[in-house]
Structure formats: C-alpha cells, structure tokens
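Here you get one chain, nothing else, as structure tokens; it is the form predicted alone.
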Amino acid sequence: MKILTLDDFDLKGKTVFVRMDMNCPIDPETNEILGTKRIEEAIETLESLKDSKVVIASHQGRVGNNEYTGMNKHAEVLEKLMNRKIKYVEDTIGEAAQNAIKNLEDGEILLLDNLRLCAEENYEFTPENAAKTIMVSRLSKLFDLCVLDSFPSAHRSHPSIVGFAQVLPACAGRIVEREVRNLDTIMTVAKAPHVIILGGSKVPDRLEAIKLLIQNGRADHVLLTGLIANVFMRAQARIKSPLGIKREEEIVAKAHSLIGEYPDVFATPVDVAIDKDGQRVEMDVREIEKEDKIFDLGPKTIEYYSKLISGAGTVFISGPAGFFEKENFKYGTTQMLTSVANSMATTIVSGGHLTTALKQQGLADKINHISTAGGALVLYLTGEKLSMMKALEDAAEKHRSK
C-alpha cells in the first residue's frame, strides 16, 4: 500500500494521537448510545498500541443535532468492552486535556471529549492551514506519532484528520488498513448491474457522489430512500410542499438536473409510511398532504426495490431507509437489508446506522463487506481521493524519503 501502518513503527513508550470515529447512533429521547459497532472496531488498533501512551480523539454528532453529545458514555462502553480502565477528560485542547496527556503512563488510554466542542473541528481546511490551527499547534507537540483510523470521516478535511499528519509521523490504524485492502479487492471483482441504495439525511454529500458513481460505471440503478428520496420526489413534483431543509431550492434543483441527465437510473418510492399521532400509516405518494411527515418506505416500494436488488451483480447500500430508531418505522430499513443479504450479488453495507441494524437482524455473515463508513465509502467507490488518505500518502512519502 502507499500508506504506512502500525507495523512500520516502534510503538513502545511512544505518546500516540489516535483519530478514531466513535460517532454512534444516539437515542433522541434518552441520549443513550444505540449501537456500539464503531467503538468495538476501535479495539483492534488500541490493542496494537498496548505498550504506548494512547490518546483517542473522536467527534460525536454535529453541533445543533440530537446526536451531539459528550464522550463520557463512549468511555464507559470502551471500558466495558476492553475490561480495562479508560481515562476520560471533559476537554479537547485546553489545559485539562494537555495535563492529562502529559501524565499518561505506558499502556494507559485517554479519551478526549467531543472534538467538535473545539470550533475549528467544525470547519474544513487545506492540510497546510489545518496544521496551523490552534488544535494542532497546541496538541501536536505532545505526541510522537499520529494514527488515523477514522475511515467514516476520511472525506473530511478537519484539523484532526489532515492537520496532525502534516507535522507528525503518521500511519493508518487497523480499521483503515483493513477497509482499504478489502474494498480494493472487492472492487476488482465487482460486476454489473450495479445497484446503489442511498438513504440517510446527509443529502448534499449524496448528491455530489451520485453523479460520480454513475459516470464511473458504479451505478446502473440508484434506489432512493430516506430524506434524499423526498428531495427527488420534490424534484419530480410528486411532493408538492416544501420539505423544510437547508438550501432546499438549490438541492432540489440539483436533483432535478440529475433526473434529466440520467432519466433511467433513478428509482423513487411509490408509497410511504407517515407518522400520524405516533402511529404508522401507509399511503400512496400521490396522497401525501402538506402536514404529513414521511418516516419510512411503504410495502409496494419495498417490493419494487427488492426486485431490482435480486437482479443485481453488485449491491451497495448506505444510510437507513427511514426513521429506523423508532420501532414503527424500522420496517423499510430491515427489509432493504434483508433483500440485500438474500441476493446473489457482491454486497457492501455502509454506515453506522445500517451496521447497527444488521447486527440486530443477525444478517452480518451474509454480507461481503460491512463498513461503518457512510459518505466516505460512497466517495471512495467513485474513485475520489479522500482527504485522510491523501494525508496518509503524503506522510508516508515524507517518512520514506528520510
């Protein structure tokens, strides 16, 4: 590989910054962690660093959404999973965090609080400017090595993802190493027709990736679910009322343009499930009223999509089909995953929410590749160079030239 791994470094006694992605699904009502898959995945890298002083950094949610929380519960989960003490500090770059790092002993692990409590981590920078941020300037002098193991956020140019690798020796953790090897192997044997199933709520990211997937021969059929399906139905004038999302007119216009450019590629729902006083009510898309909140796919859409999946050579699914955290509205997500698992295609399941749902259904052993990465994996499949991978390749080149 073009990147370095943990096997390329002497780790004993070193103080190591480990950028992980422990961003988990959070129950909007109880604030409890719903799925621990990303925390479980972290263990392999941490065990490889058993003789080092380890500082874990991660974000959780986005500022303003209901998954934006501190990391104290993540520390508790990790402690139980590893059956060892995990230190935790309610700080990211301040004096408390710096002192906690300085006081670490060999073999100890410290988890910093949510990186997005630091304003800089909510913006993207060029690698050169990321290296000049307060976060990197303050913390980098405390570390000997930077380990990047946050594949789900590898497409972001945040300071923690591209900045530290500019000023420290840097390598991939076990998750990133495995993802790259497995995906490269799978994509060499992937065959048409390629069926892409896209859901979730991060619509702008999806729109950017869809065109690249189609142009690069990775998407013969795009089956839309979740909020992005609503955007395309609005573009088709099948939903008459505004959706109430940011930059809606711009996003709907992009969806309309994609439909016009690739009219035979997209599939949108024919029926949906709405929330009516807490109850699931199914209806034809043509019956949707202005006040109706769409929370899931309907049975006719599931049947329609399942037929397309059954004829696929390669299936990639990313993002839940609806509000699957609510019991009444997890049906679409579970049925889509069941159809993917039962197909004869090469299958890739992507994203933290879907990996949680897969585990709940006991279908994981029927999938060729499971990744907690969502948008990053979509972009990786388009052939785009991810920000974190570029940072790792540059660090490797610098290390090898010494």
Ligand code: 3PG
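These numbers were taken from a predicted model, which means no experiment stands behind them. Heads up: residue numbers just count along the shown sequence, starting at 1.
The form predicted in complex with this ligand exists for this protein as well; it is not shown, and the discussion that follows is about that form.
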property: Exercise: Lys300 in contact with this ligand in the predicted bound form, heavy atom 4.5 Å; result: no
property: Proximity of Lys53 to this ligand in the predicted bound form, heavy atoms at 4.5 Å; result: no
property: Contact label in the predicted bound form: Arg156 to this ligand, heavy atom within 4.5 Å; result: yes
property: Exercise: Arg116 in contact with this ligand in the predicted bound form, heavy atom 4.5 Å; result: yes
property: Options 170-178, 85-93, 325-333, 145-153; stretch whose heavy atom lies within 4.5 Å of this ligand in the predicted bound form; result: 145-153
property: Heavy atom within 4.5 Å of this ligand in the predicted bound form - residue from Lys202, Lys254, Arg138, Lys73; result: Lys202
property: Output flag, Arg38, His59 and Arg62 jointly within 4.5 Å of this ligand in the predicted bound form, heavy atom basis; result: yes
property: In the predicted bound form, residues of 239-254 near this ligand [heavy atom within 4.5 Å]; result: none
